[in-house]
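One chain comes next, on its own, written as structure tokens: the form predicted on its own.
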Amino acid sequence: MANPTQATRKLPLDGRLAGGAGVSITPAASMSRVSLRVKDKDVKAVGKALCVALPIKPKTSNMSGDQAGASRSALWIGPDEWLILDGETADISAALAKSKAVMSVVDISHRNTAILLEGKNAVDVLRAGCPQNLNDDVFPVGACSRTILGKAEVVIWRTGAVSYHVECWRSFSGYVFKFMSQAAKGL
């Protein structure tokens, strides 16, 4: 009898590393992702079910626990839309099932991937192809925004003073990684 094996997801950027003067570019670890749509009246209940408050201010995020050990994050993407990230590859849908709120939940874990950008010149790499104002006073730590980088739609989330989490579709990840790598070489 054959031994059954479990399929594992291969990350599109496995093994890639890049950087330049004062910046490193690395693929993020596998994680669960959900696109969540909720009406205003249900935001608190859904946040409670997720164990992370859904931010209601544009371009902001919330994390469960402390920044270093947080496993679940909620990023405000639009007036009734959030991107939920869980570093533990957890079933976010199961947590949302605890809420009786009306919502739209789409698991996008297979569609998206992320690239981590860190270092004193990380913001300059993003500025090479992003029209978003990334100045500290406009885009502080915790800020997030759906925007473009080069020709690809991305979500940029500032996770630290000199660190960014860039979400993109798997099909665009090679392009986004190469774009950032080329920008880093020019520093």
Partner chain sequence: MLYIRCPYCEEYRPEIEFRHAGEAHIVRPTNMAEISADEMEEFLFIRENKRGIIFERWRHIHGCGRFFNCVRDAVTDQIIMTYKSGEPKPSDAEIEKAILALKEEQA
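Residue numbers count along the first chain shown, from 1. Treat the numbers as computed from the prediction; the structure is a model and nothing was measured.
Keep in mind that the form predicted together with its partner chain is not shown, yet the notes after this line are about it.
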property	result
Partner-proximal stretch of 42-50, 117-125, 27-35, 131-139 relative to its partner chain in the predicted complex, 4.5 angstroms, heavy atom	131-139
Residue 148: touches its partner chain in the predicted complex, heavy atom cutoff 4.5 angstroms	yes
Residue contact check: residue 81 to its partner chain in the predicted complex, 4.5 Å heavy atom	yes
Distance check, residue 58 to its partner chain in the predicted complex, heavy atom within 4.5 Å	yes
Partner proximity in the predicted complex: residue 77 to its partner chain, non-hydrogen atom cutoff 4.5 Å	yes
